[in-house]
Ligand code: AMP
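Just the one chain here, the form predicted on its own, laid out as structure tokens.
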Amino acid sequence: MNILMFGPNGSGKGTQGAILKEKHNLPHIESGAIFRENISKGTELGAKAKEYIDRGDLVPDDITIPMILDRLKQDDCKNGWLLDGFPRNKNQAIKLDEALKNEGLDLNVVVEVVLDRQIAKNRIMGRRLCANDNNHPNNIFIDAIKPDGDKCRVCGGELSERSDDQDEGAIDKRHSIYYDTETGTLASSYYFKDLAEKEGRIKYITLDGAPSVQEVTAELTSKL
């Protein structure tokens, strides 16, 4: 099963992706990791990508997509893969779709985690880190994992905030790209949604990201 995932920061997309990865034994393919791997190995595409990254520019699609395709053709992807973090705009979606078809790689499922923009922002800004264990879930805006006052709900440890979680400007910038339905990430997601409706070769699943992790997982499992 080859899966493409969409969802805004704060939607729980990463959590659901991790669950899918474990449940179906799928490699999790993330564009940022592909860049780092190619650069560290000194590949030709990696060297080209590094030139753009070092200048602070976006890596062009004609470099990014071949990297992704090369990764999807590796041995651990023979029984399926989970692609996350790409495409980020409609033009990339069109190019990725064409490239997959040219390589004979089928995209089977597209998952979109739907969440109101303000709720997504609150979830990011509400995250709190436990001094004893960063994996202890604490979020002041989620009732199920709300801290015990200013202490960790799991162990009573001291809590702190990540500085980037409190950068409203950065959060708004990322969300503006994601929620743009004309040219942004949602536009790329809707491109595949249109394909699913018109051609039927892709299964498009929408998930309500507002409930608990367990409830979202149950909805995902029932729709796959």
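Rigid core (definition): largest C-alpha set, two forms, superposition within 1.5 Å. A residue's number is simply how far along the shown sequence it sits, counting from 1. Bear in mind that the values here come from a model prediction, so they are computed numbers and not experimental data.
From this point on, the text means the form predicted together with this ligand, which you will not see here.
In terms of non-hydrogen atoms within 4.5 angstroms, which of the given stretches 53-61, 151-159, 188-196, 40-48 touches this ligand in the model of the complex?
-> Among the candidates, contact is made by 53-61.
Which one, P137, G85, G126, G80, lies within 4.5 Å of this ligand in the model of the complex by heavy atoms?
-> Contact check passes for G85.
Verify the contact flag for R174: yes if a non-hydrogen atom of it lies within 4.5 Å of a non-hydrogen atom of this ligand in the model of the complex, no if not.
-> Output for R174 is yes: heavy atoms within 4.5 Å of this ligand.
So, in the model of the complex, is N122 in contact with this ligand at a 4.5 angstroms heavy atom limit?
-> Contact with this ligand, no.
Would you check, heavy atoms only and a 4.5 Å threshold, whether F35 touches this ligand in the model of the complex?
-> Yes - in the model of the complex, heavy atoms of F35 and this ligand come within 4.5 Å of each other.
Note that this ligand is not shown here; using its position in the model of the complex, name the residues of 89-115 with a heavy atom within 4.5 Å of it, in sequence order.
-> Result: Q92 alone.
Just checking, between this form and the one not shown and with the core aligned, does P27 shift 2 Å or more at the CA?
-> Superposed on the core, P27 moves its C-alpha less than 2 Å between this form and the one not shown.
Between N102 and D62, does the Cα distance in the model of the complex come out closer or farther than in this form, changing by 3 Å or more?
-> Pair moves farther apart in the model of the complex.
Have a look at A99 and K48: in the model of the complex, are their Cα atoms closer together or farther apart than in this form, given the change is 3 Å or more?
-> Farther: A99 and K48 separate by 3 Å or more in the model of the complex.
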